[in-house]
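One chain follows as structure tokens, the form predicted on its own.
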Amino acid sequence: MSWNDSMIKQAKKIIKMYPQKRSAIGPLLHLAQSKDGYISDDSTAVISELVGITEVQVKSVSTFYSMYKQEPTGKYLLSVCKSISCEINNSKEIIDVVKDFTGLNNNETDENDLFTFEAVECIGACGGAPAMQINYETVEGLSSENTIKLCEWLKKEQPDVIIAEEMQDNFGGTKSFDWAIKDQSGTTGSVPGFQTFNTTKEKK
């Protein structure tokens, strides 16, 4: 197996949370992506063996959902919402700003492996449109000017931990709702922050 003992232990712990092994495919794919930044053929084979299904069946899930990447992403995955609420609040301008700043088209990664850009469907922040996510951490109420500042900050500072609240305070505007609990933990790569997968970290 290409996964080390620690990852196998994590995987088996996740599998035990489900009544059927195959029900754990989604979380196991997130675990795989936290390892390589995408779903590698090796990880597909490992998951297949762990849950007792074919590699084709694993691949059919990983290629169906866009959050499971088939190629490595940059350090920062920039996901700009293009769904109706964001669209009527001028998300096209936000998309254009990000594309202009990074020089990327949809689903492209720059030559320095710093940014990957994607225009995505609803990210659940309709009340704070237009919105985007950086490594699945959300910032709402964006303006073109603040979007540029956000991209510049990422490029210059290159933070190891991406925290939604920090970005919202520095670059965001109207939020969908007030966040009741202050959270200084964030993501460490282009996979959602899950404590089970050790993809969250507190900023020091």
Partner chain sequence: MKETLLLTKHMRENPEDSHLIDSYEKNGGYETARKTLINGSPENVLEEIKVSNIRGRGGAGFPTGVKWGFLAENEDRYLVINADESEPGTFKDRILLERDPHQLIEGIIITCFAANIENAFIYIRGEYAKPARRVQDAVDQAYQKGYLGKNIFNSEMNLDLVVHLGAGAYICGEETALLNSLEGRRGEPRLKPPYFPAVKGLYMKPTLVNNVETISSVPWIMENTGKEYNKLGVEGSTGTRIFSLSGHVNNPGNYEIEMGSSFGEFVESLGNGIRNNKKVKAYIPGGASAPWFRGDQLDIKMTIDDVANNNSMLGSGAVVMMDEDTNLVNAAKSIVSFFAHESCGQCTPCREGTTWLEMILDRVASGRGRASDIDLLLDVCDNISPGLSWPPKMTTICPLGPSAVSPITSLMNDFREEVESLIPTKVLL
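Residue numbers count along the first chain shown, from 1. What you are looking at is a predicted structure, and each value in this text was computed from that prediction instead of being measured.
The form predicted in complex with its partner chain is left out here; the points below concern that form.
For the candidate set Glu145, Glu157, Asp178, Asp169, a heavy atom within 4.5 Å of its partner chain in the predicted complex is found for exactly one residue, namely Asp178. Contact check for Tyr38: no non-hydrogen atom falls within 4.5 Å of its partner chain in the predicted complex. Remark: Leu114 does not count among the residues lining its partner chain in the predicted complex, judged by a heavy atom distance of 4.5 Å or less. For the chain shown alone, Phe197 is a contact residue for its partner chain in the predicted complex, at least one non-hydrogen atom being within 4.5 angstroms. Using a 4.5 angstroms threshold between heavy atoms, Leu104 stays clear of its partner chain in the predicted complex. Contact annotation for 53-88: residues with any non-hydrogen atom within 4.5 angstroms of its partner chain in the predicted complex are Ser60, Val61, Thr63, Phe64, Tyr65, Ser66, Met67, Tyr68, Lys82, Ser83, Ile84, Ser85, Glu87, Ile88, listed in sequence order.
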